[in-house]
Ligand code: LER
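One chain comes next, on its own, written out as structure tokens in the form predicted alone.
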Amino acid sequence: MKLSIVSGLKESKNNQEKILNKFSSLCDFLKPLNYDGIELSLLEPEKIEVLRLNEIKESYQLEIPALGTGGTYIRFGYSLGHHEEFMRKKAIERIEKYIEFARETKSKVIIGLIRGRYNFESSAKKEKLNIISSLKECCRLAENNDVILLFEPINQFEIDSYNTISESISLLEEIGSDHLKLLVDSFHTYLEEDPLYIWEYMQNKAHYVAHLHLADDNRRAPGTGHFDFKSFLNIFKNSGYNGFASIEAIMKPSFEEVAKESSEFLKMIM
């Protein structure tokens, strides 16, 4: 299992030199801490000179395992389930930009917050159908570019659809695309799943998973709360999972401290 951590590059505000210097500094800091990659949370990936970015990551022998897309919903309000067709089309257009970037960086693209929240002018049933329809179009784009999409179950306090792993797996089976896989996040698992049976259930469903997010039950660095990371990670380790586990936590007291503490803790328990 490989280790990464989430970071942004502020590509919407910075020029190319600042973007690439930021990425280079991240690589320089994380490589000695035994990180294998950097998951990028981006807003406008098309503003990044991908060839130069690839040169940097390859020089450090690091990967960009996945691209976060949540900023598209948070900043612009575009979502796959939006009650307005225009907003759904804009969300799909943005996903296409991520897919094009992912094709060049050999990354996966996360479908999380970008599916949106239900609007009082619509209905849960209608917006769920919108998500399915939009996601099918995103899968078509992903298939054409040979890029994997990662569908993330997110807790009910942040999003209104597909909060649990079982709901999300049912969706994957309905869509039926080899380019749509599951992302499992320890924090959302803690909030949404029944602790009496989730471990056994995940053992049987681990083959759906192509990426992991790690944060403790307080959403801070792994090891700062009470989540059973050893049991959680052993499920995937024992299933032969060889993908990434990515730290996606509140970066306090600092990104650097979270990166160091997480690496040390995970090395100790694995």
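Since this is a predicted model, take the numbers as computed values, not measurements. Start at 1 and count along the sequence shown; that's the residue number.
What comes next is about the form predicted together with this ligand, which does not appear here.
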Please pick, from 143, 158, 104, 137, the one residue with any non-hydrogen atom lying within 4.5 angstroms of this ligand in the predicted complex. 158
Interface residue in the predicted complex among 113, 198, 147, 182, criterion: non-hydrogen atom within 4.5 angstroms of this ligand: 113
Want to guess which of 150-158, 85-93, 119-127, 168-176 is within 4.5 Å of this ligand in the predicted complex, heavy atoms only? 150-158
Taking heavy atoms only, is residue 219 within 4.5 angstroms of this ligand in the predicted complex? yes
According to a 4.5 angstroms non-hydrogen atom cut-off, is residue 108 in contact with this ligand in the predicted complex? no
With the partner left out here, which residues of 240-270 have a non-hydrogen atom within 4.5 Å of this ligand in the predicted complex? 248
